[in-house]
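Heads up, the chain below is alone and in the form predicted alone; it's given as structure tokens.
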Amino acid sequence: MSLVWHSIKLPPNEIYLDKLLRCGQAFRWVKNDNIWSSTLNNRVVFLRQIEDQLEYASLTSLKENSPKVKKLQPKLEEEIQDDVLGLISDYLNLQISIVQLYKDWASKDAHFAKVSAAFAGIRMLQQDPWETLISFICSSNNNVKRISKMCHALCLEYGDFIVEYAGTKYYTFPTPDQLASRASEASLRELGFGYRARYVYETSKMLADDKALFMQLHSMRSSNFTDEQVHEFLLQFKGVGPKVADCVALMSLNRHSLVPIDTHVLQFARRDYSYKFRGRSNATLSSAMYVDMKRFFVEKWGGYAGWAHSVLFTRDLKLE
């Protein structure tokens, strides 16, 4: 089985895969031989960057590639590649030029202008809301390496096998029904989820038992809802506080202005922007401060404040 590669002209200042796919937005991308791979929509997607070209390939289930399925559902190779390109373009938010956004942020923010050149190409992914919800429930008091391990364990234990390539077996991210029926709080604890096991299981059960709620989660991408409505909707799920809610909204529900606030963001707000809450530089992070800091960054960066925050967040990760 070999990969068939296609390319999009996309310079590194529009996308820098090696930083983007390790900066704490998504947790299931793996790099081997300069090729990144993960599963999206029951398909394995491969990405690599060569100068000003973003190259992509994909594989799907062997069952879908069988002659019988091909006969029942004939599809031209061109149509398949159009589907994959559409999937990738949507996932990477390629309709948005971050070169222009960087210029806009730099014109408003001297600190951003100073440091951002070394961190070009950090854009916001548009991920599946369900997977993003579970991933960020796992992120509580955690690091990127351990969150990734948890997400991979969910796929291996409870997802569906898609295909094997170059010695790696790829699985789907489990649905709410699969997690609710195949997993338990005890089994998730055995996989190393700790106290998050209860949150993951109860959230999956909520969505498995209420299909309308699952549909509503995905409908939150609509512009008919305000950022505040989306935020409040997400808070109903177990293990979701203000920061996790804003991460899910920003990274999967088109809420581009939301800046998830945690102690790390508080540190660089004080260090780089002399942020003070009600005149105090040493105040601890409270609900009122959380709201105030979100407003502070939106006033500084505008409608894509969440994207700008991700650039500075990536900078502080000190990725090699």
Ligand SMILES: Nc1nc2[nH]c(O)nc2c(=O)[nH]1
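As the structure is a prediction and not an experimental result, all values here were calculated from the model. Start at 1 and count along the sequence shown; that's the residue number.
Form predicted in complex with this ligand: not shown, discussed below.
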{"property": "4.5 angstroms heavy atom contact with this ligand in the predicted bound form for Ala269", "result": "no"}
{"property": "This ligand contact in the predicted bound form: Pro11, any heavy atom under 4.5 Å", "result": "no"}
{"property": "Contact flag, Val298 vs this ligand in the predicted bound form, heavy atom cut 4.5 Å", "result": "no"}
{"property": "Contact flag, Arg189 vs this ligand in the predicted bound form, heavy atom cut 4.5 Å", "result": "no"}
{"property": "This ligand in the predicted bound form: contacting segment from 22-30, 39-47, 274-282, 52-60, heavy atom within 4.5 Å", "result": "22-30"}
{"property": "Position in contact with this ligand when the complex is considered in the predicted bound form, options Phe136, Phe173, Tyr170, Tyr199, heavy atoms within 4.5 Å", "result": "Phe136"}
{"property": "Within 4.5 Å of this ligand in the predicted bound form, all of Met251, Asp262 and His309 (non-hydrogen atom)", "result": "yes"}
{"property": "Stretch 223-259: residues contacting this ligand in the predicted bound form, 4.5 Å heavy atom cut-off", "result": "Lys243, Cys247, Met251"}
